[in-house]
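What follows is a single chain, given as structure tokens, in the form predicted alone.
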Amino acid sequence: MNTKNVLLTGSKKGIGLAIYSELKHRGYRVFGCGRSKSDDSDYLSIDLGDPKNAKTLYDCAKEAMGSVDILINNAGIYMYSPIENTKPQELLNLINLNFVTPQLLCSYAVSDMKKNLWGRIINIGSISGSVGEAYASAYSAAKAGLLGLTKSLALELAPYNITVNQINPGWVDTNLAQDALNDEEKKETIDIIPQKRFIEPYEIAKLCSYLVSDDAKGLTGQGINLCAGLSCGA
């Protein structure tokens, strides 16, 4: 039975729900959050697009569980737009949710992890932050910044037995992806993916399960592209 406590953002759907289900199945206690309501006592309905709410979330998770041993920054937002059409407020909202709030949550969690000489941080990025994506420059920049944070924190926290890694998914078979593409666009997208398929959310969840385990104690500072080969090029 695992006794570690997990704070997972964006836990109600898609990738986050798969991670939540996998870790709960493995015996972890998971405190989740999202914008939807829930009667679960280990859950907070909150808007993380406002960085001021990061401290509120962390304090609630710590009060409920006693400690946060594992932090998984999954909540995020995608924006597809030519740069000249990107509005300042849209840019600010995207950067806040995809980078500023995760950075703040890391800063809060690290103090307790250092005291315990153990911790795991996983940031959910995107291959768009690894290789770039046309018409998604703001999103790509935010996820690239998250990867820089991941690598830097891995160096900073290594002496404390804290690992920091990032998972960079490609196209994932979620409602978000299905809603973003019509049938023809989906076919065209699959045609350019080497494995000719979308990643399943459970694949990301299984990788998270490994990264938070002691078996992965030597793996830190890595950006792992889980993308069916999409990041390798044509």
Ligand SMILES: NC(=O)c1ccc[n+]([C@@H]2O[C@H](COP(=O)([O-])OP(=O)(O)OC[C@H]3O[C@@H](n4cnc5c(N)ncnc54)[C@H](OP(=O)(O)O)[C@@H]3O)[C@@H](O)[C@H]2O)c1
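Numbering starts at 1 and follows the sequence shown. As the structure is a computational prediction, the values presented were derived from the model and not from experiment.
The protein also exists as the form predicted together with the named molecule; that form is not presented, and the subsequent description refers to it.
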**Q.** Of L105, L153, A75, A136, the one that lies within 4.5 Å of the named molecule in the predicted bound form (heavy atoms)
**A.** A75
**Q.** Contact assignment for the named molecule in the predicted bound form, among D59, E188, D47, D40, heavy atom within 4.5 Å
**A.** D47
Q: Mind telling me which stretch in 189-197, 32-40, 205-213, 63-71 gets its heavy atoms within 4.5 Å of the named molecule in the predicted bound form?
A: 32-40
Q) Can any non-hydrogen atom of L97 be found within 4.5 angstroms of the named molecule in the predicted bound form? A) yes
(Q) How about R120 - does it come within 4.5 Å of the named molecule in the predicted bound form, if we only consider non-hydrogen atoms? (A) no
Q. Looking at the partner-bound form in the predicted bound form, is A109 within 4.5 Å of the named molecule by any heavy atom?
A. no
Q. If you check in the predicted bound form, is K13 within 4.5 Å of the named molecule, heavy atoms only?
A. yes
Q) Does anything in 180-202 come within 4.5 Å of the named molecule in the predicted bound form by heavy atoms, and if so which residues, in order? A) none
